[in-house]
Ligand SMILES: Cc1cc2nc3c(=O)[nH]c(=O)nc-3n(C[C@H](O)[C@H](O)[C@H](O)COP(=O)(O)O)c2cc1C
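In the form predicted alone, a lone chain appears below as structure tokens.
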């Protein structure tokens, strides 16, 4: 499928048929998400994958009872990782482990550390959340390319999701994306005119 066809075919499914997506396809999708771009390549996000019915029922109550939560096969909870310094350390070790030398990456690492030092806790959260949405784009288009359906959702309580999922401190649920096979039909795409968006 051409990328333009993926973009035109993708839509926000409001209900799924409950069928489980084969693990092989989920693994392919996770790999597409893993390779999403991010600022400095810091990948300041983690994705909690929820499949069990009991947990999904609890999460549904924390998401205005939207049925995508319980009818999907896999619920992806994109969490902003506010431990930016920890990610810098991890990326530095990963680059060194892949053959880079301290001298080669010293300037880049120092630049990242300087960037992090100037950020407030609020700014770190906002910045990390922006990275989640880049990964979400790969998730939605990636799902369509694999013959799956998805639905980006912000209508949920991050605090309740964090509690239900027992997330560690520093991981903030930002956006969720149910994955599965749609049980509804897409409406015709409606977008503003090109002249109204580009100038």
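These numbers come from a predicted model, not from an experiment. Numbering follows the first chain given and starts at 1.
The same protein also has a form predicted together with the named molecule, omitted here; what follows describes it.
Engineer: Only one of 161-169, 46-54, 23-31, 61-69 has heavy atoms within 4.5 Å of the named molecule in the predicted complex; I'd like to know which.
Structural biologist: Selected stretch: 61-69.
Engineer: Exactly one residue in 153, 36, 42, 146 has a non-hydrogen atom within 4.5 Å of the named molecule in the predicted complex; which is it?
Structural biologist: It is 153 that has a heavy atom within 4.5 Å of the partner.
Engineer: Given that the partner is absent here, does residue 181 sit within 4.5 Å of the named molecule in the predicted complex, heavy atoms only?
Structural biologist: No - in the predicted complex, heavy atoms of residue 181 and the named molecule never come within 4.5 Å of each other.
Engineer: Can you tell me whether residue 19 touches the named molecule? I mean in the predicted complex, with a 4.5 angstroms heavy atom cut-off.
Structural biologist: It does not: once the named molecule is placed as it appears in the predicted complex, residue 19 has no heavy atom within 4.5 Å of it.
Engineer: Note that the named molecule is not shown here; using its position in the predicted complex, name the residues of 1-37 with a heavy atom within 4.5 Å of it, in sequence order.
Structural biologist: Heavy-atom contacts within 4.5 Å come from 10, 11, 12, 14.
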